[in-house]
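What follows is a single chain, given as structure tokens, in the form predicted on its own.
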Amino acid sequence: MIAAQLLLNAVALGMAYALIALGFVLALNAAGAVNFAHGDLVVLGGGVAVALAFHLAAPAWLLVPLVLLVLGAVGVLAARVAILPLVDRPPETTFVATIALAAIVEHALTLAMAGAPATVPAVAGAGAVQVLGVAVGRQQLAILVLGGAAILLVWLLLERSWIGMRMRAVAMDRTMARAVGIPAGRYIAATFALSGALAGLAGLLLGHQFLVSPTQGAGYMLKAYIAVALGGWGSVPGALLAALGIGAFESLASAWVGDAWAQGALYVGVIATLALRPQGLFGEPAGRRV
């Protein structure tokens, strides 16, 4: 029974990381450059949830759509301020702009929260439910259900809708997309709205288990970056699978040997994997996969 609960916790953490990695890789493909503010958007999602729960006394279930809307809008704002004006400039320009954006978000959260960590209410309530004789935490179950639903909806959007097809066209070749009449800027902004919403959902779900602290953004950013590097640069399925693996490994290893050893083993494994397969586990030997 303990092993089953531990496995469930591992999969739930991996699912939350998958949401972060999915938003990160979508923005990466759309802009052609790394959005270094993505981790801080995850923290901002948790901060928005805390503020809504405290100031508006919003019920926990209502926090989900509200956070999605707010962080989607923040994603559009980030695209308009730090991405679209620089989209045809060298990638290093976007790097600096998004690093500055990350710093703005972190300092704003520090001022708003007075530097003190806060807890997001559990989306599905506290306690556990019995599933096949195993006590399943309500929050872990909520992470699995909401995370799985979000990933499925994103897949349907990208693969089964004309909006998603245009998003993919812009990600694959922005110049060609413009040549055939697709407004690239509009679809880059739409992709960043989706990326921000996914980051906000992850922050909302993780904010109950790990609290919300203004300085957490760099840690989430690192996990997303590692997932994309391991999965294959620009590969959406690769980033998802790598993020699930990172979360599962981190949770299981922490239970066995402690957090410090688990983190060390994770980074050693990352270095070894990339040394043996620089293109990532699911990447192609040459070029960037979209």
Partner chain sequence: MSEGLVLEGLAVQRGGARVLDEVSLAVAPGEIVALLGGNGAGKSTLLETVLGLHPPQAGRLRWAGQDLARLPVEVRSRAGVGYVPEGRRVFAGLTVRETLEAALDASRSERQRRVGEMLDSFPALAARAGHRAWSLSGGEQQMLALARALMPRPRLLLLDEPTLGLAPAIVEDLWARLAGLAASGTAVLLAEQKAATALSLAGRGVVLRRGRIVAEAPAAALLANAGLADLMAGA
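Numbering follows the first chain given and starts at 1. Given the structure is predicted, the values throughout are model-derived calculations rather than measurements.
Same protein, other form: the form predicted together with the partner chain, not shown, and the subject of what follows.
A residue is said to contact a partner when one of its heavy atoms sits within 4.5 Å of a partner heavy atom; Pro85 fails this definition for the partner chain in the predicted complex, lying far away. Contact check for Thr175: a non-hydrogen atom falls within 4.5 Å of the partner chain in the predicted complex. Within this chain, Glu159 lines the site of the partner chain in the predicted complex, having a heavy atom no more than 4.5 Å away. Although the partner is absent here, Ile151 sits far enough away that none of its heavy atoms falls within 4.5 Å of the partner chain in the predicted complex. Between 101-109, 177-185, 215-223, 67-75, the stretch whose residues reach within 4.5 angstroms of the partner chain in the predicted complex through a non-hydrogen atom is 177-185. None of Leu211, Met165, Ala135, Met113 but one reaches within 4.5 angstroms of the partner chain in the predicted complex through a heavy atom, and that residue is Met165. Contact with the partner chain in the predicted complex, judged by any heavy atom within 4.5 Å, is made by just one of Ala122, Ala128, Ala169, Val81: Ala169.
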